[in-house]
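Quick heads-up: it's one chain on its own, the form predicted alone, in structure tokens.
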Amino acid sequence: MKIQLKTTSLLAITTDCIVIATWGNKLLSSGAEVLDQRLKGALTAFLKKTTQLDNAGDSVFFTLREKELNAAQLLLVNLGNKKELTIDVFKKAMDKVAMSLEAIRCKSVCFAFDDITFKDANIGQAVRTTAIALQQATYRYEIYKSKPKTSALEQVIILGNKAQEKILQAAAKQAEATVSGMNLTMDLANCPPNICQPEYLATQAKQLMKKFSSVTTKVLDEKALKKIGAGAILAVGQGSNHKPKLIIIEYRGAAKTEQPHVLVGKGITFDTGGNNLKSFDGMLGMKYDMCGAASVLGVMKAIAELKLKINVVGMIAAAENMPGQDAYRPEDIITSLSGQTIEVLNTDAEGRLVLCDALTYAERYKPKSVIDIATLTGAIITCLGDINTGLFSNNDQLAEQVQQAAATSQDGVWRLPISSAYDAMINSNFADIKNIGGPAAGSITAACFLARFTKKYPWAHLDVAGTASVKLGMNRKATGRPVPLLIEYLLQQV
């Protein structure tokens, strides 16, 4: 999907469809007024009689006669009260618009944003919001279908005025990169687990290095992990023929001396639960247990395309959690890369084990910040559903920055506590720490576990179990979250 900015007259735009705003009192935007004059008042007359635009978010197609304009049709969308427009109202409207455009197999569309203003956002956020709505409506994963159907949409034109040109130009580039990153993330997340295994993720990371000179990738295999003493990630992967890997992607957009921001993704390419085997229902959708890893790859691709003047390290802790004679067991005690010993009480609490070694490895970079992304707990779905990602942090300033990025990107988070009272629930009688804290406060005790490995830097944990994919009947589908949030966070650090 190519996103292009134009500041020319709306009458000069050649496209399949032009999306124009109307307001709750059935007034046309200034761009629409220009069209209405060309159409000799037909739009005004249509607005007076239609009941299809009575509520904010409503939209309706207006078909044009041949050669009336350089477009086949218009899509009118009611954005409500012009003086009270919020980005949330706009997002809901664009979600509906995007679905309408996909339904008619639109190839090219122009959005006239010339006179839209917000109470709580800027026009750049509107561009990114629109692009993500279009991505969600048009995305398909049909690689393995005998007759795949691709999206028709190829070109998106953002029409603004000269005063908006600079901010719109930047927003168009950011939107295009965000969509590119989300597409990669969703492709990897939706990929079947007989294809997407630890070595496949490593190959994808190496592809980024081949494509971008600013990216360097290295992969620590089983032998290298044994050499450095990464016992936790090795334990999780020892039951599978597809051995674990720690994948490190370094993006350099600033001076070598500048400390990087580090993103750490949980990459469990399939989670059977190990010897604590999941049920049939529990195992469906477990190919999505690597969504954290997929989002790291998507973000690294996006920032490389944007050429951000920042240093970022993406780390993926990749393993397949399988049962078997070589698999780790409940009541095993393992030694992590940090030297802390861990009593395993449940082999289905494996994500925190692969992450803890990656979080320890991150210390080597003396990072400005570390954010891990993981489909870590079912408890977060019970708590927050598929609306907000769970946020935990050992640093209030970092947490506030993540929350601000979430608000700007419309990729919501909700902060939950970590404290000594919860941390005490994961003390072990036989090791330094145990990998579960019991049935209560499952998401919090999982975060407390990770916090024990992150004392040397500002750290935030995103539990995306409810938001990185959503249930669709007996299946699930990837959402591409929290790629928009993470890109916005990194943009704010430049």
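Counting begins at 1, following the sequence as shown. This one's a predicted model, so the numbers in the text were calculated from it and none came from an experiment.
Beyond what is shown, the protein has a form predicted in complex with a small molecule; the following relates to that form.
The candidate spot formed by T389, I444 and H461 is out of contact with the small molecule in the model of the complex: none of the three has a heavy atom within 4.5 Å. Contact check for E320: no non-hydrogen atom falls within 4.5 Å of the small molecule in the model of the complex.
When contacts are judged by a 4.5 Å heavy atom cut-off, N346 counts as touching the small molecule in the model of the complex.
With a 4.5 Å cutoff on heavy atoms, D357 does not count as touching the small molecule in the model of the complex; it lies far away. The closest non-hydrogen atom of L376 lies within 4.5 Å of the small molecule in the model of the complex. Figure note: of the listed segments 283-291, 241-249, 79-87, 111-119, the one touching the small molecule in the model of the complex, with heavy atoms no more than 4.5 Å away, is 283-291.
Checking M209, I381, I333, I195 for any heavy atom within 4.5 Å of the small molecule in the model of the complex turns up a single hit: I381. Of the residues K92, K278, R105, K166, just one reaches the small molecule in the model of the complex with a heavy atom at 4.5 Å or closer; this is K278.
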